[in-house]
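In structure tokens, the next block holds one chain alone, the form predicted on its own.
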């Protein structure tokens, strides 16, 4: 329990988790006029280290608009690389699917940015916000949800009172689990191997996704002659690959990468992340709402994980901001139900799509391989159908929140 001198924080919204989704949501709600408290288990400086996790994210055009509207994009743009074209191929098949930015009326489908650069932008924005209190490193020891408010006691004795708690701690969300919200999970028996490479020739801002029997192998453009690698491998083989010495690992990488960008070398460490799908039975509870991976975790096959989290951010911020303008309680069940209805269908469809794509392409069964190759070639030759797929890649399909339409919150 908190001692008599332990500080107490009053807030409108308590966000558990200050990562890419939780931190962006805090910025959005702070700009909407809320007093926000963010409790994050990670020390801010730790996430800014170059060797923290090595991942990079594809920021779709709609997500870029969110970050731009919140003043975050200008802070990270110098560290981004545009995705001008996308090329999808199946193994060594001659059939492929090519998305060209000249066909979409925009300069790019989106941008690639290292997660570290996103965290640096968030750190600067959160540190300078007068109505955002960041408590980090800190953990919630006890969370109680009362009829009219929520109260949290931190492990260090500090207390926070708010009208609503947002669980944004990722797939293992303690806030979600404390609320007793069931989660459906199934593993893919795949591991995502992540690293950064430097190559001899320019990538021309083309994102490549090769479908191999073990899973997709993505080469994603970063600034300069660098690319981020997301290499999906069988879960039983990945540990041995990750344990190879540098020369052996590079040889395995080259056998999948090819030589179209000349000589390559690995920059920095390599990481492995077990892949799975999971989704929460519901996104809201009494004075509680989930966002990002706490609600839905998907396969990285389409690079949509963070984009769907930022859709959650934009939708939730809009629902709460509109309620705030009307003088409504942000934790009211009817307010939260609007967010639940808005995001449930969209997230379910993306989970189903990424799962189906992974199952369709992560095999070497001849009839299935022939059907998917013909499908890729057909989409590539039917402009109206191809345009729909390109719209999905840019995140411009569905009921978009105002921030994703380039409007103010």
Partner chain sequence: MTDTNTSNGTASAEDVRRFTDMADSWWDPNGKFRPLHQINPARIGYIRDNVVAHYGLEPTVGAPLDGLTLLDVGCGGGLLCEPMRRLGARVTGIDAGEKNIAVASRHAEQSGLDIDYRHQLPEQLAKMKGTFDIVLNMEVIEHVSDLDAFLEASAGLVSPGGVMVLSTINRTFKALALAKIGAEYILRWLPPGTHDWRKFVKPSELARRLGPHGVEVTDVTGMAYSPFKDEWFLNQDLAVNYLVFAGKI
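Residue numbers count along the first chain shown, from 1. Computed from a predicted structure; not experimentally measured.
Unshown form predicted in complex with the partner chain; subsequent notes refer to it.
Colleague: Just to confirm, with a 4.5 Å cut-off on non-hydrogen atoms, which of 333, 240, 251, 141 contacts the partner chain in the model of the complex?
Modeller: When the partner chain is considered in the model of the complex, the option within 4.5 Å is 333.
Colleague: Just give me the single entry in 123, 209, 177, 329 that has a non-hydrogen atom within 4.5 angstroms of the partner chain in the model of the complex.
Modeller: Of the listed residues, the single hit is 329.
Colleague: Whether 148, 337 and 341 jointly form a contact site for the partner chain in the model of the complex is the question; each needs a heavy atom within 4.5 Å.
Modeller: Affirmative, all three are within 4.5 Å.
Colleague: Would residue 324 count as a contact of the partner chain in the model of the complex, using a 4.5 angstroms cut-off between non-hydrogen atoms?
Modeller: Contact check for residue 324: yes, within 4.5 Å of the partner chain in the model of the complex.
Colleague: For the chain shown here without its partner, which stretch in 252-260, 267-275, 300-308, 148-156 has non-hydrogen atoms within 4.5 angstroms of the partner chain in the model of the complex?
Modeller: In the other structure, the partner sits against 148-156.
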